[in-house]
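Shown next are two forms of a single protein chain, provided one at a time as structure tokens under the names structure 1 and structure 2.
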Structure 1
Amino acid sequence: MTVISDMRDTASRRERSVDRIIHILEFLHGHGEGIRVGALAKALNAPRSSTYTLVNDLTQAGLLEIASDDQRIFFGKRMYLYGLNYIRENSLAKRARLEVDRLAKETGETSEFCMLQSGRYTIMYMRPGNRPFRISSAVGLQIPIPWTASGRLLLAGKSRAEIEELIADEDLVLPDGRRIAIDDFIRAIADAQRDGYCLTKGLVDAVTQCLAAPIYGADGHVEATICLVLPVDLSEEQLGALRDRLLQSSRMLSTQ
């Protein structure tokens, strides 16, 4: 039965609106900007009429909004408000947010709280430091796992096969065009697991290094990370002090 249902052509069959909604939201998230309803239907390979009614319903509920100028639809105010509930009430997120604020204040450096969600790496919360840095507005965006120190920690404990399965080939290419060898990457994951932290230099850009520490869940696996975004030209002592402070936060958040 499952075999048949898995095999049948998914292209054109009646679909529940729940699934349609989930697909719409996931598409918009990946797309990153507004899209007209017609184009949305085409992109999802969904019937136009159904898409129109669904989008209208979601828009009326405020989950989506239609740009008044070009009629493109995108996430709405309500979606934002609903989402805030998560970061406010979720136990780990709540504690992590406070700790990131504290860490940024004490060290003066940009601090972040990061997680993996369905194989994608995301900065969940960030507090900028005192340095006159470019403000990265990457909060909430999906970032290739190999680009980050946190990513190496989050994959700790996974087998080579799992890792290869999880990492898309193009994600191994850095913004400047360099390519990370998969063997180096897997070695870095093992190192990070052994050391209990991870430091990466000049990955996303040449002037920053990233120092990340794991946050362990109840079952002992790495549930999230907390990390510092630093300039590359720090002394060994400075870096060591920051690492000790970061590991303190890491332990604090790991112990339930």
Structure 2
Amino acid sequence: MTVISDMRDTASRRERSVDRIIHILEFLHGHGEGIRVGALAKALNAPRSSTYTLVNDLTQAGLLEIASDDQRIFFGKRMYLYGLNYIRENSLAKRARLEVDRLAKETGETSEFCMLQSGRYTIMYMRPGNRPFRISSAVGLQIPIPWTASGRLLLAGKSRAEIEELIADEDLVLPDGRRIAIDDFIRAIADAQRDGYCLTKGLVDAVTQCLAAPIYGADGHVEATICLVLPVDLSEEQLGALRDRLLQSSRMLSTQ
């Protein structure tokens, strides 16, 4: 019995260590910049000693690096290489990368491939357009779902209870302080599902609009989106042509 108990204790400690490592990596990704270990432990409400130990182990493994000037920690080169493997080897991500490049080249507009990750809209791959004033966002950037056209498509088919559980109250507040009513947001999700695409204007800023189309998985649910980030001053004719081209990309990525 003592041997079994010791084995269970060891497994439990390993599980806790894995959970703490995941918490560290998730925090660094969401934080978006380096942070000192002491501040990290405080932010995670974790013991400083065990946080130092885990950070040291992750640094030795090449998953994290420590800045020599101010001792802030950030993702290491190995993490970057792992991310490249996903883009290269995941079937949908690989095809979407090629289609995003093709779409940006053909239209001259910024094109993105997006998915949900940890309850946030996440830009998985992006290719900027060729306008003199470029509209672009950083790959890996996580944005509250209600701020995006893609978010409305990614939640298509979910119940009201599922949506309300996923969306934090602060996510409904736009950068300029405007608040999206949850009822309006849920109606917008239903509209996007019905239309098969979504167009939002002036949510994140006043000069851009986003046109998104769904990418369906084998189960018929929206697995990802492909979208165009556009200036708001396009004509209806221009917008219609871009929508048709985007839907073509959506269908191609959904059927292979």
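Under this definition, the rigid core comprises the largest set of C-alpha atoms superposing within 1.5 Å between the forms. Along the sequence of structure 1, residues get numbers from 1 upward. The model shown is predicted, which means the values in this text are computed figures rather than measured ones.
It is structure 2 that shows the chain in the form predicted alone. A movement of the C-alpha atom of Leu230 falling short of 2 angstroms is seen between the two structures when the two forms are aligned on their rigid core. Note on Ser50: its Cα is shifted 3.4 Å between the two structures, core used for superposition.
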